[in-house]
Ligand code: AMP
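In the form predicted alone, a lone chain appears below as structure tokens.
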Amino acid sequence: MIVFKRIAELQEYLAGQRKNGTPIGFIPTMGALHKGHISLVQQAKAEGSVTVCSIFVNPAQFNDKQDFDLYPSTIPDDITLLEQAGCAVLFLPSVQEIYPQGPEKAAAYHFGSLETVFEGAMRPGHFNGVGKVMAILLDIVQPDALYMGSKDYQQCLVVKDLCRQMGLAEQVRFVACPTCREPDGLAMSSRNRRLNESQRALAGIIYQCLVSIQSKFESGSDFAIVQKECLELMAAKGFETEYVSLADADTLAPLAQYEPGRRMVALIATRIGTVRLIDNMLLN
């Protein structure tokens, strides 16, 4: 695996790959890698791409400074995992390399209603920061395919809209890969590293709630009932839950009730201690 820290050097290498007719598959990450990230690399490799993984903890997308300060950094372990997975390229830029004039000077993008619901409502400015860094990274790498995990469902919709705004919707194939889960169903996440033993033992409840939401949909139940059950269960276990919600899977317009004829997604955001966890499940 080749590690690049400079944009110019990475682009020179990728230009050579393009001359050979090799497609470029891009996996953007913030590091603290786990099997979920590696599954994205494996998917890109299986499709014949030169795999380019970036690790960059983007300061522009953190509306909570403590969250930014506590975000885990495990670069040596990350490099080992990527090498073992057969990743071709790691792009490891500094903040100065990505934002030479500072994040506030980077081009801003807006995402309409996606900024006002769920993660957009709970983390003001978050998706504007995501848009800034992803626009820069897409311009640098110019991939043929972009691989992201479905755990961050709303972020996937934001990045797809960003590609549309940048005129890349036809040029860059967006691949949303399935959420990778632990044996108890907990979605793999870099934030899981911050859970202590007792918190980790409880965290699988989030997935149990999603399964319950899905099963109640299939049985024709009232969403409000299962929503209340999930909120009460998590509260009893010490979670501080921000939302247990149902939405249109394409627009994320909130739904008050199951609608069998519509593509829907169930979404949960909750805190246990100081660790904030999110997850989702497509219902139909």
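Only a predicted model underlies this, so the values are computations on that prediction, with no experimental measurement involved. The numbering used is simple: start at 1 and walk along the sequence shown.
What comes next is about the form predicted in complex with the ligand, which does not appear here.
Relative to the ligand in the model of the complex, residues P28, G31 and M148 are all within 4.5 Å by at least one heavy atom.
Using a 4.5 angstroms limit between non-hydrogen atoms, L40 touches the ligand in the model of the complex.
Using a 4.5 angstroms limit between non-hydrogen atoms, C180 touches the ligand in the model of the complex. Mapping the unseen interface onto this chain, Y109 falls outside it, with no heavy atom inside 4.5 Å of the ligand in the model of the complex. In the model of the complex, none of the heavy atoms of N128 sits within 4.5 Å of a heavy atom of the ligand. Look at 203-211, 171-179, 99-107, 86-94: in the model of the complex, residues with non-hydrogen atoms within 4.5 angstroms of the ligand sit in 171-179. Between the ligand and the residues V141, M188, L82, L195, the one pair within 4.5 Å by heavy atoms in the model of the complex involves M188.
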